[in-house]
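For reference, the chain that follows is the form predicted on its own, supplied as structure tokens.
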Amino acid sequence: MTAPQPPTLPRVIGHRGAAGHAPENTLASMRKAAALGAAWVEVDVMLSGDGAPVLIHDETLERTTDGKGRVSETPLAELRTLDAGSWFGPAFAPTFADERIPTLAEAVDLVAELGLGINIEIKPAKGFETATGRAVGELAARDWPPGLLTPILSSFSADALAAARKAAPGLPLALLVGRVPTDWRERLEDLGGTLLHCAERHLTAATARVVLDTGHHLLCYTVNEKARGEELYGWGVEAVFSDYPDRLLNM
């Protein structure tokens, strides 16, 4: 079976929304990315204690909310009471104090409203790789709004991607890596993926050429400086993820 290809990608994708301008993985951050001119956003998804896909990066709550404990042990109703925005910005002006941890369903509704593309990073807590991939794939296959661009599902976890592929076989998959490993092509193709997302700080022009010469898509995270973006584009990198998409737009 031919691996699903992604839709045409922009050169810049807002990382966790626009994480340099608003609290990451919130609806406010996604709205900010759109306001800055980003055509796509990336978000992180893991499961609540009762199995709901929610937007958050860490396995624990302390860094980006006023809660404590593990996301995977906290029910959705409790997660929804937490302040996910006040930590961002000056303490005397909590601009984002009303932000909550969004569900993936809410994020999909918002990208449909804003006309954005979305890369959903499956970010499973340890031990929940298959369950998280399956939940994300099932939602994308079942509830995707008509006319909205096909999402990309990405993950560092092969198990999560395999489960997502089983639940949503028509969606393009991306393998996330730090440094590009020697067996990247075998790993990616075994999963039925066509996109490789790597850390920009480890990428070289020679490695980029090896990947691109195979016909696969190459994207880099997290690129926050215009000069580095220009260098990566010069190597053939198709798109970059940025906390500050406005710095790299219109290049």
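Owing to the predicted nature of the structure, the values given are computational and were not obtained by experimental measurement. We number the residues from 1 along the sequence you see.
The form predicted in complex with a small molecule exists for this protein as well; it is not shown, and the discussion that follows is about that form.
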Against the small molecule in the predicted bound form, would Arg134 count as a contact residue? Criterion: heavy atoms within 4.5 Å.
no
If you check in the predicted bound form, is Leu176 within 4.5 Å of the small molecule, heavy atoms only?
yes
Going by a heavy atom distance of 4.5 Å, is Phe156 a contact of the small molecule in the predicted bound form?
yes
Does Glu200 reach the small molecule in the predicted bound form, with heavy atoms at most 4.5 Å apart?
no
Given that the partner is absent here, state which listed stretch (182-190, 36-44, 208-216, 66-74) has heavy atoms within 4.5 Å of the small molecule in the predicted bound form.
36-44
